[in-house]
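Given as structure tokens, the chain that follows is alone and in the form predicted on its own.
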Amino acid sequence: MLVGCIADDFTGATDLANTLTRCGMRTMQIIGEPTGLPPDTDAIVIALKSRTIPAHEAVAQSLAACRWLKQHGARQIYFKYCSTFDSTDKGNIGPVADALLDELGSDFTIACPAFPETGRTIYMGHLFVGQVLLSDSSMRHHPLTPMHDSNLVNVLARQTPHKTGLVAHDVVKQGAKAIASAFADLQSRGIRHAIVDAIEDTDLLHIGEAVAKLALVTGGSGAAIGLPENFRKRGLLPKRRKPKPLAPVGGGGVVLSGSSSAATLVQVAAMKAKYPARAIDVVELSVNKDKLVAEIVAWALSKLQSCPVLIYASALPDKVSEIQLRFGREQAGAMIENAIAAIAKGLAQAGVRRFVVAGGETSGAVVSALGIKGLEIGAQISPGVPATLSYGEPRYALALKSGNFGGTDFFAEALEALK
């Protein structure tokens, strides 16, 4: 193993595994606590569900993952979070990064959530989503981690007692040597965390080269594209072609959506226009979960012989706010996740093996309900989302999608990719 990765949610882990696989690394995604080291693996991504849990719990889980990765030979640790820097003023990005630095005996790292391929760019420390600032994007309405500040230097400074700084784009565009020099200058001034600007993939490649000697790198999946080349230069990683095709599982395909992001809402509407769809009524769910889950499973099974189906709890921001006001933010989210997980389990018990899941928290709940411990990474379906195949028996074909990823017809495209 060359790179050991810790991701704070399931779709983020898959996104990072996709990036490393496309860059020629044999990559495996492990769900939760690892139990063994897979053979012939260049990179391992441990998928945690730590983005929105209390900071001390996120730190404990991340440290355990880090220790396992180091024990099994990881030469560099990568802490992956969302390309929209999802977090609150109390964490969890800052506390986890600080704990990992302490664990690794290091005093400096970077934070770079840029992912230009999906429209996430950083300029003068400010995060843009497409052509708008993060604070003006749909992320300002996120039900768990609403983002109201686009200045990542300030966002991170509120999460750590240590100094934060910036490597601006006028330095980044000069290349790896200039970036490394900026790192040294920041360290000399006692700065522990550096936000690094990036507006295109060339910037990320420069950044990747500049962080070759850092014990810890933090960022979105995009900032990892430059890491494999560092190991090739050292003769530790051969050049490889595209990932091998995944084994087919067959059978009907189900889309499960718990995300209410703007992109997912468009995808839900497109899927509803073509295939049978069933919404999860949260009020009805609160009255009798088991009855509603059984009804939805039976409905889906009645349709799957002829076409795929969509089951969703996605809703517009006003509806989400109404539900949260009635049931509480955490309670409403847990109700929906648990219901979708129970639906997935019921469908799996009936023989369904192909699942497309939208939303990081939802994906984590589904993967856990299906008892999946690891994923083989296949070809990319859409930027940030690969086809995956579970290890063990039975085998499941899965596409785990972060809420804001994918185009209008992503769900249909994903079902086509999952054979």
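Just so it is clear, the structure is predicted and the values come from calculations on it, not from any experiment. Take the two forms, find the largest set of C-alpha atoms that superpose within 1.5 Å, and that set is the rigid core. Start at 1 and count along the sequence shown; that's the residue number.
The discussion below concerns the form predicted in complex with a small molecule, not included here.
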Point to revise | Listed range touching the small molecule, judged in the model of the complex by heavy atoms within 4.5 Å, from 40 to 48, 378 to 386, 59 to 67, 360 to 368 | key: 360 to 368
Check your understanding: Tell me, which of 315, 341, 171, 297 has a heavy atom within 4.5 angstroms of the small molecule in the model of the complex?
Key -> 315
**Study point:** Contact residue in the model of the complex, from 84, 121, 109, 260 (heavy atom within 4.5 Å of the small molecule)
**Key:** 260
Review point. Taking 323, 333 and 336 together, does each of them reach the small molecule in the model of the complex with some heavy atom inside 4.5 Å?
Key: yes
Review point. According to a 4.5 angstroms non-hydrogen atom cut-off, is residue 402 in contact with the small molecule in the model of the complex?
Key: yes
Practice item. Answer yes if the CA of residue 112 moves 2 Å or more between the shown form and the other one after aligning the rigid core, and no otherwise. Key: no
Practice item. Indicate whether residue 217 shows a C-alpha shift of 2 Å or more between the shown form and the other one, with the rigid core used for the fit. Key: no
